[in-house]
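In structure tokens, the next block holds one chain alone, the form predicted on its own.
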């Protein structure tokens, strides 16, 4: 295992951010006296503690290399798919179809990544699984809400498995003159993608709280404001541009790619929020304290990852 010194520097920066956040949380917890203030601070502390765990898992997997990274994302896909499917009740006729989705199609898809069978990777779920799911469900003979039930499984596989898997797929790219002789550098591409997605979510929340007045889609997500999106998006774009030195991109290209990630991540969160509102729930799950479920944490990443992957593959490999 070759440790990339620049990747370690990036993780060192995240460590500094988390330490600072923990100190701020501790100071606020000691000073706040109102009941409302205590609840806000308790939520902040819970979120910060969860970030420590998530950052540690992410750093460990990325540092250990391809197999550990694929395993981490495969598990994330499994739990995200589980949360997505449980939003609506299933029928007995769906059980065998779901078995195939969780225990055959999902691991087979990540296996195509592990051996880097790119042709099958890009087609397995959007073509073959899409055809197989309704075929298998039809054999059960249950026609009640058939289209709704099969579409739910198809959508879950696309978002939670196919889209999300484009993040670890970045490790397989060959960028001439940058990662062809140093493949461990590709882990920095995953770091860049994940960091910009998450810092965009955080900064949009912060800017929205500071000066947000005009909701973008009031009925869907009143907390997503025009001011929050612009302020948070510009902040995340600047952060992405500042990380150009860790990527094969120029400063301008890094900022441009960060802007694409911001936009796609925003719409990912918006679309997945629409599904939650349709089902009448606040979060997809409660696995991550302060953050909801796995899908709540990766919804933006699911929409940003495939677009970022294909831009990098087209322009740099």
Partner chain sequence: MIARALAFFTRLLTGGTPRWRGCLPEQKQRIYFANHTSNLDLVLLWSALPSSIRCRTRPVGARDYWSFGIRGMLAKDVFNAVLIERKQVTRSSNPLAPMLDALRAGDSLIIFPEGTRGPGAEIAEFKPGLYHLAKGHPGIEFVPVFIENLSRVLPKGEILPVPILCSVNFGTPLHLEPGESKPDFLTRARAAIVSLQPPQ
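In this text the structure is predicted, and so the values were computed from the model without any measurement. Positions refer to the first chain, counted from 1.
There is another form of the same protein, the form predicted in complex with the partner chain; it is not shown, and what comes next is about it.
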**Request:** Specify the contacting stretch among 228 to 236, 79 to 87, 184 to 192, 212 to 220, defined as having any heavy atom within 4.5 Å of the partner chain in the predicted complex.
**Result:** 79 to 87
**Prompt:** Which of these residues, 199, 98, 72, 108, gets a heavy atom within 4.5 Å of the partner chain in the predicted complex?
**Reply:** 98
**Prompt:** Within 4.5 Å of the partner chain in the predicted complex, heavy atoms considered, which of 155, 117, 103, 128?
**Reply:** 103
**Request:** Look up in the predicted complex whether residue 266 has a non-hydrogen atom within 4.5 angstroms of the partner chain, and give yes or no.
**Result:** no
**Request:** Could you confirm whether residue 284 comes within 4.5 Å of the partner chain in the predicted complex, counting heavy atoms only?
**Result:** yes
**Request:** Note that the partner chain is not shown here; using its position in the predicted complex, name the residues of 120 to 141 with a heavy atom within 4.5 Å of it, in sequence order.
**Result:** none
